[in-house]
Ligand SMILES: Nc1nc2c(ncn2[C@@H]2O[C@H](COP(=O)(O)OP(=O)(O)O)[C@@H](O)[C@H]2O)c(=O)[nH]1
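Just the one chain here, laid out as C-alpha cells, in the form predicted alone.
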Amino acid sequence: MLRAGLIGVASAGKSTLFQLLTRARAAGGHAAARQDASVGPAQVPDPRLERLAELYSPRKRTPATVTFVDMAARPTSGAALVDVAPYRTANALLHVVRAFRDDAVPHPAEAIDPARDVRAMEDELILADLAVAERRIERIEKDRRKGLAKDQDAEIALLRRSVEALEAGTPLRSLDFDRAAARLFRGFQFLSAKPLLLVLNSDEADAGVAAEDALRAAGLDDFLERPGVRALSVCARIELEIAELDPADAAAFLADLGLRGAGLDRVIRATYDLLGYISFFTVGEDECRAWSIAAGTRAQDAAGEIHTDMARGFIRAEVVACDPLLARGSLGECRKNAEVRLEGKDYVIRDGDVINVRFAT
C-alpha cells in the first residue's frame, strides 16, 4: 500500500487538503488538532482506466490508490514535530507550505514566509534522523563491547556516513547507495530519506503561478535542485469551491483561472509519480483495474500483485500496450495487427501495459 504523510505548520491548510484529497468530510475538528492521525485513500486519476471501462463496460472499475495520512500539525515554526513515529511508515512526505494570506487564519509565526517554513521543516526531519542514527550506533557499540554484535560492519559504516551527512545539514535523500546498502538503509525508515513533495497552498491570485517559480522567488532555488524533491501549487480555497461543482462547471472554472485540471488530481498524480510507481491494467467484463507497481518490476512479480498463485505458477503474460488496444477497440484486432505479445517472467512491465497472466494451478 502506497502511503504519503502530510506535514506542515498549523494553519497551512494541511487537513483541508487531506479532506479534499480523500473526499472526506470530517464531522468534528481537524485531524491536525489531535495527537492521532487520519488515514484515507485517494484514487489516482488515470484517463486510460476510464476509457478501458468504456470499452469493456465492466461490473467494477478499480483505480490505483494512494493512502494519505494526515499527521498532527507542527504547532509553531521552530517547534519539534508532534510525533514522528507515524511518518516513518510513509513512502513519501507531502509538506503543505502556506503561501496564502488570511487575517482570519493567523500563521503561528505571524509572518507568511514559505522559505522559512520549508527550511525549518527540513531541519526537523534531519534532526529526528540524526537522533535515530546516533542511538543505533550507540547500541551497536554497546553490544560490541559485550561481544554480542556480529557482522555489523556494513551497518555501522552506513550509519556513520549518514551521521556525517546529517550533521552537515544534508538530507539523506541526497545520498547515493549501492543496492545492498539501499536495502539496509530502508530498514531505518529515515524521514529525510523519503521523497518530498512541496505543496504550495497559494492565494487565488497566484493559482496559475508554477510552484517552482514561486519557490524560487522565495529563495528556494537550491532546495528545488535537490534529488527527490518536487513542487506544485494549489489553492485550497478554490479547490473547496470546485469540489462542490458538477464536472462541466468545474472545468469552466478551471479554464477561467488558467489551470489544467483540478489541483487535487495533480497532487495525487504527482505523489504517485514521486514514489516511482507505474500502473498496469487487467481488463474484462467483471472488472477493469489499475495495479500499482514500482518501475522496473518483472512480469512474474507483477502477477503476484494480482494473486500469489499467479506468481507461483507463472507461465507467460499476454501483453498489449493500452493505446493500441483503445485505438483498435478489442484484443482480437490487436492480435490481427501483431500488437499482442507473449512475455516471460523477466519481462519488465511498462506503464500502461494491459496484461493477462497465464499460469498453472
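For every residue, the number given is its place in the sequence shown, counted from 1. Quick caveat, the model's predicted, so the values are computed rather than measured.
Beyond what is shown, the protein has a form predicted in complex with the named molecule; the following relates to that form.
- Annotation: in the predicted bound form, residues 95, 192 and 224 none come within 4.5 Å of the named molecule through any heavy atom.
- With the named molecule left out of view, the stretch that reaches within 4.5 Å of it through heavy atoms in the predicted bound form is, among 173-181, 236-244, 280-288, 126-134, 236-244.
- In the predicted bound form, the named molecule lies farther than 4.5 Å from every heavy atom of residue 271.
- At the 4.5 Å threshold, heavy atoms of residue 105 reach the named molecule in the predicted bound form.
- Contact check for residue 20: every heavy atom lies farther than 4.5 Å from the named molecule in the predicted bound form.
- Contact annotation for residue 162: none of its heavy atoms lies within 4.5 Å of the named molecule in the predicted bound form.
- In the predicted bound form, the residues of 7-23 lying within 4.5 Å of the named molecule by at least one heavy atom are, in order, 9, 10, 11, 12, 13, 14, 15, 16.
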